[in-house]
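Quick setup: the structure tokens below cover two forms of a single protein chain, split into structure 1 and structure 2.
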Structure 1
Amino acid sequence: MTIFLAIILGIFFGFALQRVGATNPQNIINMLRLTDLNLMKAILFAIGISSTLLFLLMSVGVIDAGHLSVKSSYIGVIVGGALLGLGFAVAGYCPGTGLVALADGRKDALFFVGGGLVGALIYTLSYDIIKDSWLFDKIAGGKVMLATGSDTFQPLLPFIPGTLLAVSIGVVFMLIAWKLPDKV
């Protein structure tokens, strides 16, 4: 059953990425050099609406809060994000879009995925050396979310009702998506 879901949900996500233009490095690069924000608007809108519906559906018990998986916050999240951003800007691909761009028949995506496999191997072999370094110093206690939504993860702002906070953030994301200009 879980394999069946993996196939259906994976196909859906890959379909959405291709249809929104995220497999096209031209769109990514133009978004990052701030000349065409159509994709940025789509991503912000997607995050806003999915977050709003997720917290509303969790509050009425339709979605199981046990499905949430909040990642830890540590220095390496910012450093690693910056490294990813560097390659993302030059190539126009991130791990997910670079892989699905293969389905567009893009030859440069093949080199990106090859490089990605090498990069992942380098990290796998180096982890033992860096694992006790400052890169893994936790920020704000590690696995925290801004809003409450799960018993497993600590809220950063416990004095605001979780659903209200998450829905407010989601609505702000959707408003930004709507108001941002298409072309700059």
Structure 2
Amino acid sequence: MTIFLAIILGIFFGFALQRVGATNPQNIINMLRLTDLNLMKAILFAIGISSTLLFLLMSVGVIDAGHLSVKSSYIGVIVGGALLGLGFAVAGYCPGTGLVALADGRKDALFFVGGGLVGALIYTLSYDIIKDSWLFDKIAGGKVMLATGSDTFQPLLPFIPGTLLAVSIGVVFMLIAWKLPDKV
């Protein structure tokens, strides 16, 4: 049942990415150049509504918070994020949009997905060499949360309830999406 649900949700996510134009790298590059903000509006609204719904449903017990996990924060995540952002800006794809673009028949997405797989292979092969380096130095103790909400992990802002913070950020994202112009 779990894999079936994942496939169904993946199909809906891919459909949404295709419909908002995220499979066209020119739309992503125009968004990053701040010349066409339609895609940015869709992304901000999707993050805002999903964050708001997720935390509201967890607070009333519809979704079990035990299904979520907190990943360790370390310097390598920042370095990896910077590399992902650079690749995102150069290629016009992120991993999700690249796969959907490949399924949509874009030949350039084939090279993007192939490059991603080669990068993952290089990381896997070099992991034993870099695993004791500064890249894996933990930030703020490793597994931390921004606000309260778990007895297991330390909050960085212990005076703010996690649900309130998540819903507030979600609403701010939706308001920004609503107020942004389509084109600059």
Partner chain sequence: MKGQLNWFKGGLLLGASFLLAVAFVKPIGVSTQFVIADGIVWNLFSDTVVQKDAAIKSGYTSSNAYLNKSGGSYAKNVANPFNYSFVFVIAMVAGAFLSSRLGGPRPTALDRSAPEVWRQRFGNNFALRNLTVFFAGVVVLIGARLAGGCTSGHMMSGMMQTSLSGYLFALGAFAAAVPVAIMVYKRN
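In this text the structure is predicted, and so the values were computed from the model without any measurement. Here, rigid core means the biggest group of C-alpha atoms that superpose within 1.5 Å across both forms. Residues are numbered by position in structure 1's sequence, first residue being 1.
- Each of the two structures shows the same chain on its own, and it is structure 1 that derives from the form predicted together with its partner chain.
- The shift recorded for the CA atom of K143 between structure 1 and structure 2 is 2.4 Å, with superposition on the rigid core.
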